[in-house]
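So this first bit is one chain, no partners, the form predicted alone, shown in structure tokens.
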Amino acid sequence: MIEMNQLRDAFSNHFGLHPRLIVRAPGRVNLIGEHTDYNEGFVLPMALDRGTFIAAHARADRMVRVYSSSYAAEDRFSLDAIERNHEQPWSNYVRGVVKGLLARDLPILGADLFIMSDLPLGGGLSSSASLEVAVGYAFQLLNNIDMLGEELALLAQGAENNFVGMQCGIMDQFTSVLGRAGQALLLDCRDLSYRLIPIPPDVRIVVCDSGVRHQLVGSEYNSRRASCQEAVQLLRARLPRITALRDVSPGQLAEHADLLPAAILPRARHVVSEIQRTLEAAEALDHGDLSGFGRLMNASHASLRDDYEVSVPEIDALVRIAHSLEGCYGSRLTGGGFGGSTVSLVRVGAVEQFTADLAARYREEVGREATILVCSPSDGVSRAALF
């Protein structure tokens, strides 16, 4: 847990003055609905009670100085010349957001920023979106900019798509901005409408970081997205009105499967079935059907493993172990894949034993240490302190 006084003092020691404010933007865990967001489908994430904190102070010039405690590194750039930093890739999330603000003709000046996070980097909990949203909100407050929550989320997503080069959907940034305590968000990624789904108090969300790290930019993530786009183009030969896999039902996909190459069909099958699972899962959670929700989580993981092929052996081991433990309703890969974390729905009275057994058996079977977080649904981005 990051203490505000600790961050304030770290800022002062580094920059030689006190910060004006501290903002916090949460990470997120997606309960179900993986790789559906960029297919204009549905997702069911929640904001975490862990995230990115930025202490900030406005400058009178057009320079930005930003220090990351996670990387023990500083970056400096001018608002008049924002280019990609190939030596410090983490700073491109900051640079991209600032460049996006300037592209909107918003009146901003430079700033000093000190970043701390209690999210595992690369763990599938959206540390990048959390950073983007925190940077955008800090500049918003420092420059008295009036920006709606959805606009901030789109700004952050645009930075990741257009500047960093990661073709993510809107889910991560939207959840970091508009998450609500005690609730999951059933988000329609086509029109950004959403419905709050209460998470029952007798369960906990357990996130287990496998310790396996992924590099999504320029990797298989963008390849999966391209496969989905190709599937839509091919299916339009018989379904001319579709614009995304969101528009294809499981029955339609089965009927027209002959249009898709063997390498593309399972990718489309995952997305189409996952959208349906997400809607069913939201209804199950809304009605307190935890067993039904858990079964859908398990089916989601199988689809991610077999059809979308974004799991890895360590993640599969975590899911298998979780399924065997008392009190676990369901478990699955969460995040983009190729490592990262699992998410499990666990009965509250079984959480302590579940986490101990999961860590011990993962160590024994895989030879790695897992980091386990018992999480609560959190509010979205906010000002954590004002000085």
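What you see is a predicted model; the values in this text were computed from it and never measured. One-based numbering along the sequence shown.
Heads up, the form predicted together with a small molecule isn't pictured, but that's what we're talking about next.
- The closest non-hydrogen atom of Tyr38 lies within 4.5 Å of the small molecule in the predicted complex.
- For Gly169, a non-hydrogen atom is located within 4.5 Å of the small molecule in the predicted complex, even though that partner is not displayed.
- Looking at Gly336, you'd find a heavy atom of it within 4.5 angstroms of the small molecule in the predicted complex.
- Contact annotation for Tyr221: at least one heavy atom lies within 4.5 Å of the small molecule in the predicted complex.
- Screening 338-346, 51-59, 29-37, 318-326 for residues having heavy atoms within 4.5 Å of the small molecule in the predicted complex returns a single hit, 29-37.
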